[in-house]
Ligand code: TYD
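Consider the single chain below, provided in structure tokens and representing the form predicted alone.
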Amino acid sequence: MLLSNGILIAFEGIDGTGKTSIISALLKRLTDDGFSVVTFKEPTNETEAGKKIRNSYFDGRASLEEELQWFIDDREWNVKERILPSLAEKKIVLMDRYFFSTACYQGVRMNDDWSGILKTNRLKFPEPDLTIIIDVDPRISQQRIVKDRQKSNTFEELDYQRSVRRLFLEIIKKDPIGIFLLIDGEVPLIEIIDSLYLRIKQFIKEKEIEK
């Protein structure tokens, strides 16, 4: 099914919210419906900057300035090489994290200045048509992480996750640009997938009517 234009949908939220599983299920359903869909994850495994970010999960975090630059560098490659070409081919792009994660995770280290990070990213990168934020209490997300992973990383400490979650919720209320959909990530996964599938299908329909 060919769209009039590509559609960029970002999935955001703290660690352990189920984003990756949700995206995988939606990819299958939308593809089965005949849409051309691709999924990308940030940070990538394709750039030196992305690899540095992933190594810092376990080796210890870099300075805020270095960390922010790594995300920018990695995202520049991702946007140029994968996201923009996919949108030009009129595909639906499902992002497992995008610049709102940077705004929240690094914003905590900048005295909660998420707006400055968003401004920097918006000057360089395309705005998502829709940003879906999966919200889960950090205590629950921590339980999921401990259950599913052999070891946690430096981005997953409980107090830090609480602060990151607070910024995600603050962005929804105060950011004047983004189009957001807040989802309760504590209900059964299949309910989240069913609900999002219907909402995304409706969103696509509305976008097509607009054009």
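The structure displayed is predicted, hence computed values, not measured ones. Numbers follow the displayed sequence, beginning with 1.
The same protein also has a form predicted together with ligand TYD, omitted here; what follows describes it.
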item	value
Ligand TYD in the predicted complex: contacting segment from 86-94, 71-79, 123-131, 136-144, heavy atom within 4.5 Å	71-79
Non-hydrogen atom within 4.5 angstroms of ligand TYD in the predicted complex for each of W114, R166 and F180	no
F35: touches ligand TYD in the predicted complex, heavy atom cutoff 4.5 angstroms	no
Ligand TYD contact in the predicted complex: F40, any heavy atom under 4.5 Å	no
Ligand TYD contact at K51 in the predicted complex, heavy atom, 4.5 Å	no
Contact set, 97-133 vs ligand TYD in the predicted complex - heavy atom within 4.5 angstroms	R97, Y98, S101, T102, Y105, Q106
